[in-house]
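Below you will find one chain, with nothing else, as C-alpha cells; this is the form predicted on its own, and questions on how it binds or moves follow later.
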Amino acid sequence: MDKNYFEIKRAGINTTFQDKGRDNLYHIGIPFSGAMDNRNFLLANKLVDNKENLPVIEFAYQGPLIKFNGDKITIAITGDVIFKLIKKDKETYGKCYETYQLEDGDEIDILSTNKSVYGYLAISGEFDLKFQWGSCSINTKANIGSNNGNKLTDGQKINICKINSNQRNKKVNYLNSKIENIRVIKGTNFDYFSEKGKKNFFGKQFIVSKLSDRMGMRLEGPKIENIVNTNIKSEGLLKGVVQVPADGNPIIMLSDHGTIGGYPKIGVVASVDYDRLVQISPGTKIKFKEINLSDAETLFKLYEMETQNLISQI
C-alpha cells in the first residue's frame, strides 16, 4: 500500500490537476490549458516551497473534501476560498495564503469559492501524476493530461510520490481584487462590426452567462451587430480573444479554448486582466474598456513585477 496519499471523499464540481500548461502545440490543435489564475497558482506553490511549475489541485465553486493518509505534510490554499480543517473530529476554518500541517487522518473540506470561481490547493511535495507533452494539466474537453484527462472523482486515491523535508509555516498578505472594466485591444475583425455594435461593446454592460467554463466565458447583453460576415475562414485563436457569433453575444476564449475558430474577433483581453477576468462568477455585470497595445504591454510588465514582489515576500 502507498504510504502517502489523499482520498477524495467528495470531488467537488470541477476539480482538476493544473500546472503552467503546454507550450508550442497550437499547430496540432492543443491549447495551453494550465491554471486559470496564474498568480494564485504561483503563490500556492511558493507558500509550500515548491518549484513554481509543480502541479496543484484547481477547483471551481465547490472544492473537494479530501482525507490525508501518511506522514506530516504542509498545504496551502489560494484564491478567495472558504475551507475547514478537520483534525481528530475538531473543525476549524482556515485562511487562504497561509500554510497548515496535515497529519495522518486529517481532512480538508473546501466548501466554496467566495464570490469568485477558481481556487488552488498546493502540497509540500509532488503528486504522482503522468505528464503529457510536458504537462499534467487536464483538459476535459479533449481528455488530455493526467488522470486520463478527466476531473477528479469521488472515492479516488491520489498518491504522493515525494514530501519536502523542509516544511515551514508561511503566509503572505494578499487580497484578491475584483474587476468590472475589462481592458481590451481591438481585434483583427474590429471593422466587421457596425458603429452601434462597437459602441455597445465598449459602452454597455454585459452579464457573465452560467454557460461559461474553462474553455470560454459567454456573455449576454446588447447585441454586437456584424455588417460584413458573421462567419470567416477559420484561423488561429489565442487566450483572451473575444469572438462574436451570429447571435451577437460575445464569447471570451479561456485557457482550454479551441486553437482555431471561424467567428469574427472584435477584441483581445489585455493579459494584465486575465487572472481577475477568470474569477468573475456567472451573473456578474462587466464592461469593456479599449486600450492600445503599448499600454497593454506596459501594464502587463507592471503586473508581472507585482507578482514577483509578492512571491519574494514569502
Partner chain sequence: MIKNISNLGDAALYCDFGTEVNKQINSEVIKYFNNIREKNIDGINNLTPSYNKLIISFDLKITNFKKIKKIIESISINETQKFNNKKLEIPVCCDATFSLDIERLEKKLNFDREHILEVFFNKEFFCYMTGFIAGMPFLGDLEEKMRAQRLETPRVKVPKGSIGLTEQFANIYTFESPGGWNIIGNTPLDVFDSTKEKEPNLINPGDIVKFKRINMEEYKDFNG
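Just so it is clear, the structure is predicted and the values come from calculations on it, not from any experiment. Residue numbers count along the first chain shown, from 1.
Keep in mind that the form predicted together with its partner chain is not shown, yet the notes after this line are about it.
Taking non-hydrogen atoms only, E290 never approaches its partner chain to within 4.5 angstroms in the predicted complex. Not displayed here, its partner chain is approached by E235 to within 4.5 Å at the level of heavy atoms in the predicted complex. Not displayed here, its partner chain is kept clear of A11 by more than 4.5 Å at the level of heavy atoms in the predicted complex. At the 4.5 Å threshold, heavy atoms of K285 stay clear of its partner chain in the predicted complex, well away from it.
Across the options 131 to 139, 146 to 154, 93 to 101, 219 to 227, residues that bring heavy atoms within 4.5 Å of its partner chain in the predicted complex belong to 131 to 139.
The candidate site formed by Y26, N38 and I185 is fully in contact with its partner chain in the predicted complex, as each residue has a non-hydrogen atom within 4.5 angstroms of it.
Just one of L54, I30, I251, L277 comes within 4.5 Å of its partner chain in the predicted complex, counting any heavy atom, and that one is I30. Shown without its partner, the chain has G258, T259, I260 in segment 246 to 262 as residues with a non-hydrogen atom within 4.5 angstroms of its partner chain in the predicted complex.
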